[in-house]
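One chain comes next, on its own, written as structure tokens: the form predicted on its own.
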Amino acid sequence: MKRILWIPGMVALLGVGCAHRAAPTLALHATAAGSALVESSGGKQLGMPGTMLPQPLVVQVNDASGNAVTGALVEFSGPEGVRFDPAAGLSDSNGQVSTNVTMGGIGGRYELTAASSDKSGKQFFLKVTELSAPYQQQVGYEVNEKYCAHCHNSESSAERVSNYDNLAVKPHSFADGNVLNKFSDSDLNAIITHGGPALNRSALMPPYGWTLSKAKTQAVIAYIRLVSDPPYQPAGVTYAK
């Protein structure tokens, strides 16, 4: 979250044509080699442009049997402006390498890459998506946490108890691009403002037109477009390959 294509209210992928790779860390020497990289934690986080993500990105090196490999070299890269600390590391006793990620200065979806090499020297890769939210999407996130996530997020947290399991009609996650990408911005605005019945959807979706300003409603829509998986691509927009 593939070069930058910024259109108000939506976000394009970042990453193709401007990949930034840190210089090789010569002090690190691999003592082992794996055959696959898997994400352990830290993917699809939401941060702000130019800031460090809340949690480190952790990847794991495995062998062909799925066992963790200790001592394999992993290098991280991403679009221009993304920084990694460290940019490379050797897998620990659990086969894992951790790095802190600072996002680039432009909001969007960032595709990051972790790379390692097998015994023959052939590289293998893992792609991880992180999200960088400018002001409007940050407002949308805050509105989501206050009003929407109680029903649209099936997982409870220390700050929020989910009501998802109590609902007869299960709300879609805001990241469910297979469903929500089919709705136009006008459709989403109608549902948020007037409730589900506005577009023959569930009456369990209440109207928020008296609760949210137009600006905050648009911010929620922008947030939905940002977190969409698969990514939202409005009709008529051409993306660089």
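This one's a predicted model, so the numbers in the text were calculated from it and none came from an experiment. The numbering used is simple: start at 1 and walk along the sequence shown.
From this point on, the text means the form predicted together with ligand HEC, which you will not see here.
Residue heavy atoms within 4.5 Å of ligand HEC in the model of the complex occur in exactly one stretch of 141-149, 154-162, 112-120, 73-81, and that stretch is 141-149. Taking L57, A68, A33, I191 one by one, only a single residue has any non-hydrogen atom within 4.5 Å of ligand HEC in the model of the complex, and it is I191. Contact between L204 and ligand HEC in the model of the complex is found at the 4.5 Å heavy atom cutoff. Remark: P171 counts among the residues lining ligand HEC in the model of the complex, judged by a heavy atom distance of 4.5 Å or less. Using a 4.5 angstroms limit between non-hydrogen atoms, L46 is distant from ligand HEC in the model of the complex. Within 4.5 Å of some heavy atom of ligand HEC in the model of the complex lies at least one heavy atom of V220.
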